[in-house]
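Next comes just one chain, in structure tokens: the form predicted alone.
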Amino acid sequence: MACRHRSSTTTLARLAKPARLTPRLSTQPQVQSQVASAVRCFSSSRPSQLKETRCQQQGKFTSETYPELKRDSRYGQVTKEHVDYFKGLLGTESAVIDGVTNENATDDIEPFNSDWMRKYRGHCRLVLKPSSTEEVSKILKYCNDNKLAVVPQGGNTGLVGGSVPVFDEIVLNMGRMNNIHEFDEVSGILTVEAGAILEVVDQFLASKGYIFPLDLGAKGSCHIGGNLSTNAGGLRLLRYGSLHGTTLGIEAVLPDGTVVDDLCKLRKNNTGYDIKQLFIGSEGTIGVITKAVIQCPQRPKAQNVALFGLESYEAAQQAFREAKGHLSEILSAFELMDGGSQALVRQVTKKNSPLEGEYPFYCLIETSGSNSDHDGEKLQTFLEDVMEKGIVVDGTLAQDETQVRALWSWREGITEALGHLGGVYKYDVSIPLPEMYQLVEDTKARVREAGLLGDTDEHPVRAVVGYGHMGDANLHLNVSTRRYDERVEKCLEPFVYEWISKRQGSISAEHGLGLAKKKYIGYSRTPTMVGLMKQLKDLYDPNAILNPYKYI
């Protein structure tokens, strides 16, 4: 369950009228989050859904949801002979979940067959859990030789069906490869296996005074390898950039078993093509990442978090511009939430809002630095400015670590709140900032005009809300439903993608293409670019055994 903290306006530093702002801020201490305790309130569990029968809980098979998809006849069927080989290779029973020769293993395999939203479900009967790169190499070589399709799988926290099988592909789960191999406390360079859980790695780095450059709400279960394979963005991208920039080296295994050893630990290496970049964001379609070298920054010693209420999206844009100007190098997050998303959090959690009123928009700002006095002074100047200009109407500033977590829970609790209320159509997209929120407004209007949005059970759609990382123009459009309804999907798709394409946005900002967005790639990529991608796929995986039916 997610951590929940009741907050009261009497325990948080209130931001009132500009005239009262200066003395209130100047007399109260700023937050100093020590490296060992700077852990945010994240939900490590998957969101709870509506109570349903066991069959409904398992979800509908992907092959039934997408009847146009047919099993590729090139792929072999997994037999007892194949299972025996893998058991001999991996050695322990826990490393092989065998539903081929053991019908009683169905329940054990089910978690690997389904995504956490229960929207995608495959027919896999064999799960393999290697413990070394050598084992991954031998598994893939054998599968390639025998034309056995394979789905690489990490923490299985994605949104687009990219990490679960469609038919009877073998699941290659990387969870046993979870070691931290090396960390240089001078340079901050980390070498880690793909199956390491992000939160565990970040806690290790915290003990050394460093921080992982990626931060996600699913950090308690997602794997480093999965983060790289989807080029996950998350909450720290504004400050530290994407994984394309922070990843120095990668070890990966190609479909034929070839080990690509590119574990470079240098920030400068211009000897030839930068091949590792192909594996970042490729969703396990051209190779399986087994290790990575990551450049990790020093962990900030001082942290400040503030939550604001604003009257319009235009005001949110102004606040972001002012924040970049005033806070520049210490600005680590600028999150946008609309009033609808915050209303859902209040409804589900029963928490009191940290602000006195309700507003159309909310922004959460985080600063991270090394000098509390310096950072506090810059934040105070920023707050005075935006309130004097009338950009921010109301706000609250955290005064200790508990309040930092409490404020973050209003942003990070949205996903769980949506999950508690039923099904959700999720769109992770990038749109130029001036029009980013307009997609929510236009989608809401379209769904309402179709008679699908309302307060009664006869309406399948409960709410249309938007939130996301304003710092990198990444919007999470969520359509909360009482039940999945074919009319809703037809209303949303391809409308959402066409809308984004007209504005030269991206249909996938963080979570990749998977199966959900494969057929829509043309809305963000030209035919020439898609053709080049297919050439790379054919070059690295001529038998197409890795993660078939997805991506391109």
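Computed from a predicted structure; not experimentally measured. All residue numbers are counted from 1 along the displayed sequence.
Absent from the display: the form predicted together with ligand MLT. The rest refers to it.
Look at 497 to 505, 60 to 68, 480 to 488, 510 to 518: in the predicted bound form, residues with non-hydrogen atoms within 4.5 angstroms of ligand MLT sit in 510 to 518. In summary, among the residues Thr246, Gln342, Thr415, Thr396, the only one with a non-hydrogen atom within 4.5 Å of ligand MLT in the predicted bound form is Thr415. Just one of Tyr362, Tyr467, Tyr120, Trp410 comes within 4.5 Å of ligand MLT in the predicted bound form, counting any heavy atom, and that one is Tyr467. A residue is said to contact a partner when one of its heavy atoms sits within 4.5 Å of a partner heavy atom; His82 fails this definition for ligand MLT in the predicted bound form, lying far away. Shown alone here, Lys426 lies within 4.5 Å of ligand MLT in the predicted bound form, counting heavy atoms only. Within this chain, Arg462 is remote from the site of ligand MLT in the predicted bound form, having no heavy atom within 4.5 Å. In the predicted bound form, His476 approaches ligand MLT with a heavy atom inside 4.5 Å. Taking ligand MLT as it sits in the predicted bound form, the stretch 159 to 176 comes within 4.5 angstroms of it through a non-hydrogen atom at just one residue, Leu159.
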